[in-house]
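So this one's two forms of a single chain, laid out as structure tokens and tagged structure 1 and structure 2.
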Structure 1
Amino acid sequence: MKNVYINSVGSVSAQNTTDDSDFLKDIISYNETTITAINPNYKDFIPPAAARRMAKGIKMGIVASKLALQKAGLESVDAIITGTGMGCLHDSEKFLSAIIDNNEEYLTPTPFIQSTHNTVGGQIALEIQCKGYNFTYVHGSNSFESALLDAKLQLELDEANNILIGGVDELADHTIVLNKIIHHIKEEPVESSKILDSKTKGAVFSEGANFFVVSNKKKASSLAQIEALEIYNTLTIDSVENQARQFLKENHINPSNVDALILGNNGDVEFDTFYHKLATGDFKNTQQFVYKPWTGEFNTVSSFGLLLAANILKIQNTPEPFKLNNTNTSHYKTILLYNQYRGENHSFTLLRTC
């Protein structure tokens, strides 16, 4: 079995990650119930003729992909594997509301085509003329992790050498309204630094795209090694700690050997309890990080967690506002990530320096 490395990343998010020469040096604080991603200059990446029919999700995905490929020094890859919880949501809404509002008349194909979940992966393949394996996973908060799992399997078995993986989701108006009604989005805006203490229901919704070249060939520029990954459709509040122990044990690691724990807390009083279980249990003396207060929540935002972990391991840069506690850890070798959304689709990911 071959080792699997993160060789590069490309990111479009609510933070200044597109140009990452200074990774997260100036962190933007928000005070909203929904946060949009910062648009890069799309024209620098996508020819206007191609861009004219692209949804924001596709554009973000292509920019993040091209950045990742550029930094890995690759023109193309053996496979493209995408995760997206909702796909190009804006066009889905546009097509559906047109069906209802116009009573099924005068509908145009573009929003329907964009609404297909694999449209981002397909467009990236078109852009870079990649005829290889092309999968799209659409499984809530495990969409991105499924893509990572698939890639890892292929790289370990040497079925591919370089794979482009990523997570992408976009916001759309009607979905925001509906999610507010059912309190999946917070009723009142909260400042980023205060979200975790908000004690209110729901999260701050957002969007973005994080893509990675993962490879079984280590390079000088490689950021980290992906040691292990497990996904679970369900876990109970009582089983989460045990599963974490089990996961580490299978990888011959004690909780005390984990240098940092990156958690997916989003300030939802109903579901952050899963994270508290780990934060106050086996890992209470471990350095803990959170990122969702500054990126917002979306189905594939855990790809930002991976980006954060990879950067901590590579450049040992630990953004101060992202720290949940302070342990004076001076060097990071092993990082555990844990994520879930609304108590479903949990994942553990283990990274180490390479």
Structure 2
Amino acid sequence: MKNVYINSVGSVSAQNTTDDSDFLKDIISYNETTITAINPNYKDFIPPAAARRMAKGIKMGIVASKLALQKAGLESVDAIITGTGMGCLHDSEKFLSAIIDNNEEYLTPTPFIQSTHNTVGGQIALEIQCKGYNFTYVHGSNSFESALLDAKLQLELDEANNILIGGVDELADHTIVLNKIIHHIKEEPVESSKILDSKTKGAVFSEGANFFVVSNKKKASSLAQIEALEIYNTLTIDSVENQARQFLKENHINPSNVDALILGNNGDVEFDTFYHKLATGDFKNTQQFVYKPWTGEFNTVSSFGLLLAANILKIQNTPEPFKLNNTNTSHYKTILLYNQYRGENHSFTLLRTC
């Protein structure tokens, strides 16, 4: 089977990730319970007349995907695979509100049409005129990993050469209210640098889009090689370390040979224990990073973790605020990512240098 490489990335997030010259140089700290993504200059990527009719999730996805394609030197790809946990929430809320307000009469179909989860993938295909395989995965916080796994299998089996994959989710007012009621969002604002020490329930919710061109053809600009990926619906806290050990063993790697561990801690006192278990076990002497305090939590935020890992392997450096412990590594060859959300949808992803 062929190897799979990350050849480029494009990102719209709560940090400065759109412009390569400012990429993660000046980390923005927030003191909120929800964080919106920084809007790029959309008219540089989408005609203004079209952009006005698009939900933010669609616009973020198009910008991130076009950035990834530009960096890869491609105009189109063989396939587009998207992951999203909640789809175009704003249009979903708009349509459902119209049903209630109009007593189920005189409804315009546009918000419903644009609220479907595969809208982002479809719009990207229209923008770049890609008529190939187009699939959207909606598997909660494993949505992006499902898209990545699909692409990885196709590339390994030489069914495609270049695939655009990504994760995208947006915030919407009513959904924010509901998540606050059920304590999935923190009740009080927390400063980004203090989120992991907050000792309170819930996370700081956010939004964003991260897209990648993955290929079975290595280029000089390739960032990293995707070695392996495993997804689990449920794991107990006590089994996480064992599962990580088994995952690495299957890929002929000892935990001590992992140069960096990237974790998905979000400051939720009830569920960060999964990460603590891993961080204080086999990997206690491994350099560790976190990203959610600076990006917020959303269903496909693990795509930002992959972006961070790929950049660390390429440039051999990382922003200081992302460091979780004081261990330092002189050279990064192998990075392990672990993510879960509220005790479910666990994933391990293993990356190597090209």
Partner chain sequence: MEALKLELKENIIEQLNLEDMTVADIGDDDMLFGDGLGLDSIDALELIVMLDKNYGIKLTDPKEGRHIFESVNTMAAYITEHRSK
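Every residue number counts along structure 1's sequence, beginning with 1. In this text, the rigid core denotes the largest set of C-alpha atoms whose superposition between the two forms falls within 1.5 Å. Values in this document were obtained by computation on a predicted structure and should not be read as measured data.
The chain as displayed in structure 2 is taken from the form predicted alone.
Put the two forms on the same core and the Cα of I315 is off by less than 2 Å between structures 1 and 2. Once both forms are fitted on their rigid core, the CA atom of A50 lies 2 Å or more apart between structures 1 and 2.
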